[in-house]
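In the form predicted on its own, a lone chain appears below as structure tokens.
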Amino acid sequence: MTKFVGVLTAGGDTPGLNAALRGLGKAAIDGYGMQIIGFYEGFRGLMQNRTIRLDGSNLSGILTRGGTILGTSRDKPNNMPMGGQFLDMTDTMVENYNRHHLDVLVCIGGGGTHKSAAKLMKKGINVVTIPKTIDNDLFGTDHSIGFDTALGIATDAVDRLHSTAHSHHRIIVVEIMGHNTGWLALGAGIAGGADVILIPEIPYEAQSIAEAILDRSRGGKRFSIVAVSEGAMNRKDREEFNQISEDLAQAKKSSEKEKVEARMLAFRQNQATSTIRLAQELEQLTGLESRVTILGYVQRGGTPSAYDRLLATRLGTAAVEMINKEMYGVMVAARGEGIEPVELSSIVGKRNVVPQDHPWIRSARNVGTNLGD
């Protein structure tokens, strides 16, 4: 009996999404005779019933393309902006799922996508998820689609900044994506030979960084590269963030919660300029000229690396095998060279952070990299 499979890509775009769609589609159609229906722009497309039938013609030639042919959005099923208000549209999505007689919905995305998929699963929709995020912060899988490409882009940027830092005897502070985990900054910092690496998992002290930079200067090295994860915080800010988070968790009344949420919003807005403020502080502490480079969305773009194409193809084809066996409610996880199904309920709400004793941390310290502590 022919299986009908829906698929969507949600959250931030990453290199390798099209490779995953291609792997999923070609394996499903050619290997098992399944029919594939794509939904445009993530969960919003599922809600609006905007679809495309995926076949050989539109799956051809997309292996090396960045982005996603289906488009994406960060809209959540239970909190979707509609006419100036936020509404729960999960019932409409269930109706559209049933309208197409789907056997399963494949959701390709990061942490938010997996939470949304779990919500739809509770409404009776069969789901299989595929992990993608340049942040590599999805719990339960060794690697996520897009991380390797973004790591290469960030490393190349750090490489290139060395020449201008050396020429002008400057401190170059480069902000690297990563959300609330330090995998990208840590990996790119080590691979690119950054002198200082700051990640969310290790609160930093500006004075410690300045002393490391001055030690380099006294040793005849008149420039320094500081790789900063976008979620990195100094000790004072980390303590404040932890306190606000604790207050938010303990807030009972809605009025109390609103006040704490306002504090959190103000804190996050202030953190948006933390890298610039760090550069200014280092300039004052060292007397050396500093410059800031924020890589931003360039890390999401371009052709996926060979590794990401391989990973995306492996995960996409493995998802089809699980669908054929009717293994639903799982994430297709990369484990070593193998693939394993991981119960969706066991990973939602968890994050893959950099452990303090991770080999990358030890390697950074062993080569003399300052981690801000």
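So that there is no doubt, residue numbering starts at 1 and follows the sequence shown. What you see is a predicted model; the values in this text were computed from it and never measured.
This next part talks about the form predicted together with ligand F6P, which is not shown.
- Task: Within 4.5 Å of ligand F6P in the model of the complex, counting heavy atoms only, one of 89 to 97, 174 to 182, 234 to 242, 271 to 279 shows up; tell me which.
- Result: Contact-bearing stretch, as computed: 174 to 182.
- Look up in the model of the complex whether residue 195 has a non-hydrogen atom within 4.5 angstroms of ligand F6P, and give yes or no. Outside the cut-off, so no.
- Item | Contact of residue 300 with ligand F6P in the model of the complex (heavy atom, 4.5 Å) | It does: once ligand F6P is placed as it appears in the model of the complex, residue 300 has a heavy atom within 4.5 Å of it.
- Query: Wondering, does residue 75 line up within 4.5 Å of ligand F6P in the model of the complex on heavy atoms?
  - Reply: Flag for residue 75 set to no.
- Partner proximity in the model of the complex: residue 148 to ligand F6P, non-hydrogen atom cutoff 4.5 Å: Outside the cut-off, so no.
- Message: By the heavy atom within 4.5 Å rule, which residue out of 186, 226, 134, 106 makes contact with ligand F6P in the model of the complex?
- Response: Spelling it out, the residue with a heavy atom inside the cut-off is 134.
- Message: Using a 4.5 Å heavy atom cutoff, which residues in 224 to 248 contact ligand F6P in the model of the complex? It's fine if the answer is none.
- Response: Residue within 4.5 Å: 230, and no other.
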